[in-house]
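The data below hold one chain only, encoded as structure tokens and taken in the form predicted on its own.
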């Protein structure tokens, strides 16, 4: 029976757990780590109610391995972590990328490096989320800026993962993860859920990595009689290893291309006051909230400034960024790190555009006043 939308007061990490359940996640394997532990705590309560499985593993490496095994068994699966745990998961994230195992990884960012500042927010995992595992590999990273968006983008992360057979990272900072807000949970019947494409047809001669026209191979459902071979070695369409250069080029090229060719369907961003902007602010997470306030205040002072907020951090919305950069004279990138996203922005801007940053890595968020002061300085 259809239900009306429900308004609830939720913490960001709790919203993540509820979004995962709504998306069809039925296994969580993880290890407690601040500031993501509330995701695991809520999943431990919610999964038994939907006949799912919660497993606290001995460490982050084992957690990621359990997620991969479960997903290969046909179950939508997720883990959650932060900082050091995210680093430990990287080898298995690479395995998921090469073996094309759908899975979702939540990374609630904290101060680093090493043990760093477990209870303080940061945004220092921008490049690790894209390039943390070795080799050229596909990845999708979504980044919410509110409790409501954590719920929505967690669902979207599962849909993207299942559609493209790729690991998807939900990346947000401690401030968003521990923020409590009133959110509207939609009628479950109204939520768009995407399940993976299962193999069909004769089992004889089946090739587990023979892709369809969209670049994504159908996945064999356990018990359906398809013979498969899964490995972390570079492999042919048969699943068995190869080091033949032409074959390797074809295989890795397809893995990368299945994301590149579908950028229009994957990329998401939000624009605020960008139509006539002379200054563009690009920000994500808690910093985007501060930046939006600063942009609105600057507009009240007559400064033509706009905000671009990427919802998919990787692949980064390159075409829109290039288009906006061609319309402004200055791009400002506030971020809670020593300067990571700004590297991507600089690459996409013409020489005529000045790019500058605001950087904090002391465990404190960038507040609206800092952004507003910088906007005023630029506008002079």
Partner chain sequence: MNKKATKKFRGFEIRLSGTGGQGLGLSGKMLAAALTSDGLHVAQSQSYEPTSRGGMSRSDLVVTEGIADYPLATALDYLLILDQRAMSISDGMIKKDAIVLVDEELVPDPPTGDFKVHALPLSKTAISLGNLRVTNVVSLGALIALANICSLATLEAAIERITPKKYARMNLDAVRAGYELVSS
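Note that the structure is a prediction, hence the values are computed from the model and not measured. Residue numbers count along the first chain shown, from 1.
There is also a form predicted in complex with the partner chain; it is not shown, and the following applies to it.
| Listed range touching the partner chain, judged in the model of the complex by heavy atoms within 4.5 Å, from 271-279, 303-311, 252-260, 118-126 | Only one stretch passes the 4.5 Å heavy-atom test: 118-126.
| said: To verify the annotation, which of these, 163, 81, 290, 152, has a non-hydrogen atom within 4.5 Å of the partner chain in the model of the complex? | reply: The residue in contact is 290.
| 4.5 angstroms heavy atom contact with the partner chain in the model of the complex for residue 180 | Taking the distances in the model of the complex, the answer for residue 180 is yes, it comes within 4.5 Å of the partner chain.
| the partner chain contact at residue 297 in the model of the complex, heavy atom, 4.5 Å | The answer is yes: residue 297 has a heavy atom within 4.5 Å of the partner chain.
| task | Verify the contact flag for residue 11: yes if a non-hydrogen atom of it lies within 4.5 Å of a non-hydrogen atom of the partner chain in the model of the complex, no if not. | result | Answer yes; at least one heavy atom of residue 11 falls within 4.5 Å of the partner chain in the model of the complex.
| query | Heavy atom to heavy atom, is residue 142 within 4.5 Å of the partner chain in the model of the complex? | reply | No, residue 142 stays farther than 4.5 Å from the partner chain in the model of the complex.
| message | Just to make sure I understand: among 343-377, which residues lie within 4.5 Å of the partner chain in the model of the complex, judging by heavy atoms? | response | Sequence-ordered list: 365, 366, 367, 368.
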